[in-house]
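Here's a solo chain for you in structure tokens, the form predicted alone.
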């Protein structure tokens, strides 16, 4: 039995939970809730960076969500997460890097207000991170994306869904202002991927596609 150290609000942890379900390994994993601020947590002992998610396999810690995805993909039968064709693989991994970048910037916006005293808050830093998100959303909007992979999304699709919901959850940027076509995309994804609704962070605002 594997262990996944994560927290409900974590978009990177959610990404792994959905990936586990897509490759059929959910029942092989015990979820362990983590407080990343706790100095003596088991997660910090196993992952010195103290970040989540951390996947424990045979007493070995695998961390960074990208590495965990790679592990899951290569240890599951017929995984759709990463294409086998080299050109398609590069395209999907690059697209995933864009979605991960949105999440990285979004988390830094949250941390700026959460971790710094109010008088040390740096507006220019926050706007710099928001700029990354907005430019990325504009790139996605230019593609007019349509979701059509049913219950077998690739990892870029999963990460985009996590990014859309995380922006609604923490409200760093209103993605609808920059990529309105993503509403159709997320509606199609939510209706097609079984792990979408169970993995939503508790307390996220209602939306038509979030109604199971």
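Positions refer to the first chain, counted from 1. None of the values given here were measured: they were computed from a predicted structure.
There is another form of the same protein, the form predicted together with a small molecule; it is not shown, and what comes next is about it.
S.K.: Give me the residue from 183, 64, 168, 70 that has a heavy atom within 4.5 Å of the small molecule in the predicted complex.
M.R.: The option sitting close enough to the partner is 64.
S.K.: Should the three residues 11, 50 and 107 be counted as contacting the small molecule in the predicted complex, with contact defined as a heavy atom within 4.5 Å for each?
M.R.: Each of the three qualifies.
S.K.: The small molecule isn't shown here, but in the predicted complex, which of 146-154, 22-30, 51-59, 175-183 has heavy atoms within 4.5 Å of it?
M.R.: Result for this chain: 51-59.
S.K.: In the predicted complex, does residue 121 come within 4.5 Å of the small molecule, counting heavy atoms only?
M.R.: Flag for residue 121 set to no.
S.K.: My question is simply whether residue 111 lines the interface with the small molecule in the predicted complex - judged by any non-hydrogen atom within 4.5 Å.
M.R.: Because a heavy atom of residue 111 falls inside 4.5 Å of the small molecule in the predicted complex, the answer is yes.
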